[in-house]
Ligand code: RAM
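Have a look below at one chain only, the form predicted alone, in structure tokens format.
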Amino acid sequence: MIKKFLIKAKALRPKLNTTTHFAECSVAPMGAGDSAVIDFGTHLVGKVKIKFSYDGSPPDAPAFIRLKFCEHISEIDEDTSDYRGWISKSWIQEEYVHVDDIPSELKLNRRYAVRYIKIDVISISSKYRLKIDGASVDASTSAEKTVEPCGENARAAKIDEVALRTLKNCMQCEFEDGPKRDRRLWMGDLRLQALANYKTYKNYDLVKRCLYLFAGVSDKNGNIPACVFTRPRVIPDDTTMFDYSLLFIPTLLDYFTETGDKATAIELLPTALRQIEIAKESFDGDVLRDSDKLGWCFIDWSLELNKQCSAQGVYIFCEKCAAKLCELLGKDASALYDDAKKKTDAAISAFFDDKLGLFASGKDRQLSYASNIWMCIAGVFGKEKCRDILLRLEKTDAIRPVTPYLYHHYIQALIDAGESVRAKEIMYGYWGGMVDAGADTFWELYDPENPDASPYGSRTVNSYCHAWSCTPSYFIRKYFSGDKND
């Protein structure tokens, strides 16, 4: 780890802003087997307090209760006892508590992402009934300003409102990917959060802190990990991803373009350029190895997705960003542009199907939105041909995006190709679908054709407030309303 970078990251650690939110509590006194639901009216991230009293005789035994903390209304009645997913059950937000002293205020030490609390009374003396006199959340965020929702109509403004809340609730001491799960800093999420942040809360130091955290925990080879743990101390994950390591480059470029902070850009440029050199090791000539030989590359939560073509698109895009960053800093970028041109020509030769007019990936020539989205973002063809590719996709049975993460890149690709109207339709339809399903914050995964979809084997551990889904606030402000030059 690079100590000087971690020292700078520590100095940029924000002070969290805390506000207390109270729930409406009109719950009848409860006995054994009774349940109640407390609704805070909106999604919050913070510490929970609940006030208990009693009705009847003085309590002669503790109240044994179960507390279930829910981000979305669909979680209230989920049976968590039969969870069989492949990530730890410990992420499920629930507590079994003995309330010994009544009346009293229960203060929970753990932070929760919550709108609803379901309270189940498991056991209680028959001599009294448990009352709930109040509940509150001391909600935290590092967002320092209030941003009003905007949009060209009420639908757009509602989507923006939910996107703003998503970003705000993921802005803690770093940009978390999700305040329920995984509660840490991921590279792919950071890039999209930073874009939305530049148009909304404008917390530039938080982006800078996160860049230094990633650079500070790069390994002996210079490779950036996929994510960083910051509690109880800064620790790099032992996971790297081909695409996430490369995405450090456009994140640094975007930061420099937005802030003009040349000193940070110069200091972190070697770390950025090192990601290109490491990624080159995954190529045979100028064509990336197939998915099974590539190692972990995220792209999207689609288990059947072949990622060879889309990953090469990510590489070309990031190498061009590296070249642009070098140019802006007065460095020679010719070798980067030359290599990007070679990788582009090789990608067209290896992956583009002239008969279909689309990119196909892997030895089985798989058609997916991911492959074509990333090749268009990489600019391997001109604007008109990319437009034709993206519109042609809609008439095929190509594998579709399943996360807001890939939908973000789909919308960006359409905008870049001159299809802003279609991009807007898709954004309002996809994120609007979550709003229609009761979203207070946008979700980790949303498949309109399969509402129960989960990459983890169970939707019980899905995140309903997830960083990579916050970018409608970016698109609305930059492309779809307001001052386009903001």
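All of these numbers come straight from a predicted model, not from anything done at the bench. The first residue of the shown sequence is 1; numbering continues from there.
A second form of this protein, the form predicted together with alpha-L-rhamnopyranose (RAM), is not displayed here; the remarks below concern that form.
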property	result
is_contact(Leu195, alpha-L-rhamnopyranose (RAM)) in the predicted bound form, heavy atom dist at most 4.5 Å	no
Contact flag, Phe298 vs alpha-L-rhamnopyranose (RAM) in the predicted bound form, heavy atom cut 4.5 Å	yes
Any non-hydrogen atom of Asp189 within 4.5 angstroms of alpha-L-rhamnopyranose (RAM) in the predicted bound form	yes
Exercise: Arg181 in contact with alpha-L-rhamnopyranose (RAM) in the predicted bound form, heavy atom 4.5 Å	yes
Tyr244, Glu444 and Tyr456 all contacting alpha-L-rhamnopyranose (RAM) in the predicted bound form, non-hydrogen atom within 4.5 Å	yes
Segment assignment from 173-181, 410-418, 131-139, 389-397: heavy atom within 4.5 Å of alpha-L-rhamnopyranose (RAM) in the predicted bound form	173-181
Partner contacts for 462-481, taking alpha-L-rhamnopyranose (RAM) in the predicted bound form and a 4.5 Å heavy atom cut-off	His466, Trp468
